[in-house]
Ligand code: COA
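Just the one chain here, the form predicted alone, laid out as structure tokens.
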């Protein structure tokens, strides 16, 4: 061993601890609206029934007859996020798209989006955790940056569940819920180590897959459920089971995350939660005594936009000045898989 070689017992120099900041956000929605009045003409339902049970009044829907695609929404939302971050797309190291409704199985939506925004040869991959996708993506991108391998990552949450809806009486239990959207956030490294995730959690329970699924083959139907080809490529959901799962999981997840961070709910400036049902959001707010202005709700205008739900809320909050640097913000989501996760940030 020469004098210039370190002993194997000599601690290696540790890289400086990086912080992570959310540098910009953006969102994009289809122009087409599907109101409760529209649904009343398509199936046996009423505006009053929908609002009472879900809190939804309208949702957006892509017009595929005009050639509108999910990729288009992703690209525009990312362009707006890059503009907000005052960043050239060539500075991106990686693009992640959280979606369960890609236009094609291959290529990954992220690769197409990276190319169309001008990100050069930046890496790209899709992440599927259904409604939890963006939150899982936040945790993933954060650790990639904090580990020192990446400086700038674009994270897009996007879904177009309208393509998997049955807008007849047979599908009214799900068709009233879902809407289409995309929203993006730019995560960047910072020399301020205080910025970034304070605590997070990611969970799944594959035994509950049968409560939300999209069958495409005879063997995709759960035991005891007869194969029905008319249900192929349409979301099948046990609404009562999903509601019970969400109500029980949501509040416990918030408490788990607060405990990890050693904080109380009153010390969080904003809760940015997946928009699945207004009653679930109200139950969580009541349990923790969260003021209405600290748990954002937009489900009335957009419905459940799955992977776009959380970042769509975030972008609106940022543009309204209700989420800004210095705030503590908790992101929470749950969805098919079954999956549930959180991400508590110091901005």
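No experiment lies behind these values; they were computed from the predicted model shown. Positions refer to the first chain, counted from 1.
Omitted from view is the form predicted together with coenzyme A, to which the following refers.
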Within a 4.5 Å heavy atom cut-off, is residue 288 in contact with coenzyme A in the predicted bound form?
no
Would residue 135 sit within 4.5 Å of coenzyme A in the predicted bound form, counting heavy atoms only?
no
Does any heavy atom of residue 99 come within 4.5 Å of a heavy atom of coenzyme A in the predicted bound form?
no
Though only this chain appears here, would residue 107 touch coenzyme A in the predicted bound form if you measure heavy atom gaps against 4.5 Å?
no
Region of this chain that lies against coenzyme A in the predicted bound form, out of 290-298, 58-66, 315-323, 41-49 [heavy atom, 4.5 Å]
41-49
May I ask you to choose, among 172, 200, 80, 142, the residue with a heavy atom within 4.5 Å of coenzyme A in the predicted bound form?
172
Which residue among 232, 167, 209, 243 has a heavy atom within 4.5 angstroms of coenzyme A in the predicted bound form?
243
Just give me the residues of 318-340, first to last, that have a heavy atom within 4.5 Å of coenzyme A in the predicted bound form.
334, 335
